[in-house]
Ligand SMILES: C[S@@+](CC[C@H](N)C(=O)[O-])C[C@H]1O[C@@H](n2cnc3c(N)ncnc32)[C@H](O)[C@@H]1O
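What follows is one chain in structure tokens, specifically the form predicted on its own.
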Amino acid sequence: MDHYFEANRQGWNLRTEAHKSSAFYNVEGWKKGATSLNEIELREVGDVSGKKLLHLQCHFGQDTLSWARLGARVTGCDLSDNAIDYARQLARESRIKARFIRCNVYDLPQHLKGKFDVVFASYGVVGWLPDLDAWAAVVAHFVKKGGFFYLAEFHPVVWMLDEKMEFIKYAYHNAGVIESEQTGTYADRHAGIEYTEYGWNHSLSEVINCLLRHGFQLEFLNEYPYSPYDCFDKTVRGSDGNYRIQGLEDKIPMVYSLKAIKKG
């Protein structure tokens, strides 16, 4: 398993260098005050002023720091060295108080103490995790009683499709590791980088049942027929500003979100 994590760490180090200057992440606009958060999570997470928020798999911290701008006391964690280095740089440049930790999310209890009002993760995180039960244990470890975990994520139906979004290629449920050779990145498809990545598909039932087993109560599960990001092939932008797969517009779910309360 360590081989998979190490390959993914190296891949995300390469991605980070491409992402920092990409139009997709619009770092310059963010530095001028634009939020990197989407309407879905802003509405569903709600007011975070004064709350302790832990962001798992935070990439280079834009969302983490956007929550801080809204009044949260934030900590972010990510596997990538380059991503965490850049997150710390953004925090310094923006004069935003934040803590960032470089480690595998499974190892976070060894590097961080304390409980949080909110544990947050979003968009392209679950698929890097081979063991969701161990992940849910980490989430439960950090959410205080009465606090909540919030996840906004690409729907597992999307991950069944091939890379060209034309036919079903992968299993809906976890059928083992998926190895793929990558060039470029979703944020810049022409970026001159090449790497091997390893991922795992997870059904909604697997995600939810793992959280329930670790002491959470599901408050809601929402599914959306669009993506706020243009990160898949054959997308078309709707009048609402969101993206759908051409030919499958409003026929398949593309994003889901959930909020789970830690029972106390």
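Start at 1 with the first residue shown and count on from there. Just so you know, these numbers come straight off a predicted model, no measurement behind them.
Although not depicted, the form predicted together with the named molecule is the subject of the following passage.
- Under a 4.5 angstroms non-hydrogen atom cutoff, the named molecule in the model of the complex lacks Tyr170 among its neighbouring residues.
- Contact between Trp12 and the named molecule in the model of the complex is found at the 4.5 Å heavy atom cutoff.
- The named molecule in the model of the complex is approached by Gln57, whose closest heavy atom lies within 4.5 angstroms of it.
- Among residues of the shown chain, Thr75 is not one whose heavy atoms approach the named molecule to within 4.5 Å in the model of the complex.
- With the named molecule left out of view, the stretch that reaches within 4.5 Å of it through heavy atoms in the model of the complex is, among 143 to 151, 120 to 128, 172 to 180, 91 to 99, 120 to 128.
- Between the options Ala191, Val157, Cys103, Ala137, the residue in contact with the named molecule in the model of the complex by a heavy atom within 4.5 angstroms is Cys103.
- Contact with the named molecule in the model of the complex, defined as a heavy atom within 4.5 Å, is made by none of Glu197, Tyr226 and Tyr256.
- Shown here without the named molecule, the chain has no residue in 133 to 167 lying with a heavy atom within 4.5 Å of that partner in the model of the complex.
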